[in-house]
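One chain comes next, on its own, written out as structure tokens in the form predicted alone.
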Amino acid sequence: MNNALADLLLKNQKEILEQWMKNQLSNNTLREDLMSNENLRRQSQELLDLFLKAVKKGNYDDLNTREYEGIIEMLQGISISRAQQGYSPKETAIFVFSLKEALINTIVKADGDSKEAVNSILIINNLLDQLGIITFETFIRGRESVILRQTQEINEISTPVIRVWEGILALPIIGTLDSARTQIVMENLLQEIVNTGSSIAILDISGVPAVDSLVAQHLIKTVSATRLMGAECIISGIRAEIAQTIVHLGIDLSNIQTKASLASALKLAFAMLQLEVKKGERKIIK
């Protein structure tokens, strides 16, 4: 029966492709902005060829065999690509499950509601469900990879080291400070200390929503790493509620210079470098 099913599908390959394309093109989630109909047809044709080649030997159960390597590899490639392009999980799953519909329609058209047709439908249903699961799982891994990369890029962008004066760096921190982000902060800051030869670094936490014991430990580690590089560190942006939290948690920041604002920290940095900034007369250029 399995060989007969494979023969039936191979005999109706052209009709299956047309029905599959019709199913995809009629779906309201079709993303023509991300893929042209010509590319979709080419992709569908290639996948169908691999699928029919895989079922020739009558194996509809074990996908861990050589004949299914090509189709699984292609499905994984499609899933990763679509995750990176911005497709939704539903849009990606429809690509496989609309093929199931086309295959089942072909079986029903040929054998009606006979016992053989019912068995064939069950076989195809189980096989395409397995392929659908592989597609979905790969898509999720691809999407997670995209999210991780975007998070890393955002963290790098959101932790800029600014050279505010000769020998003075400032690093404004916005958002939650976790272990991964602390590592980025330290790497960026230490590298900039090396590049500029700066002796003072200001960590401004005005944009940090809350400070708990973990955040405080991350700050202390950053200060320690900065000092190992031969630079002094000042923490600015210590609001009243943050000061109360630090005291309540029993965190000792007594050996670290702290200021309420970035302006105050900058003024302290000038004093440490024995720099004096004076307000001069405003000259009107004619």
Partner chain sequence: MIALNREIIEIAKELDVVFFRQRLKEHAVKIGMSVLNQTKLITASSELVRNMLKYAGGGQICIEVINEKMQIGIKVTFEDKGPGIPDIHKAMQDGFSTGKSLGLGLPGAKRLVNEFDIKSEIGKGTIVTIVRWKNGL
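In this text, all values refer to a predicted model and were calculated from it rather than measured experimentally. Residue numbers count along the first chain shown, from 1.
Although not depicted, the form predicted in complex with its partner chain is the subject of the following passage.
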- Message: Going by heavy atom distances of 4.5 angstroms or less, which of 26, 261, 39, 244 would be at the interface with its partner chain in the model of the complex?
- Response: 244
- Item | Contact assignment for its partner chain in the model of the complex, among 45, 65, 217, 224, heavy atom within 4.5 Å | 217
- Could you confirm whether residue 73 comes within 4.5 Å of its partner chain in the model of the complex, counting heavy atoms only? no
- Is there a heavy atom of residue 34 no more than 4.5 Å from a heavy atom of its partner chain in the model of the complex? no
- Message: So in the model of the complex, is its partner chain close enough to residue 238 to count as touching (4.5 Å, heavy atoms)?
- Response: no
- Message: Check residue 166 for me: does it contact its partner chain in the model of the complex (non-hydrogen atoms, 4.5 angstroms)?
- Response: no
- Message: Heavy atoms within 4.5 Å of its partner chain in the model of the complex: which stretch in 199-207, 96-104, 119-127, 175-183 meets that?
- Response: 175-183
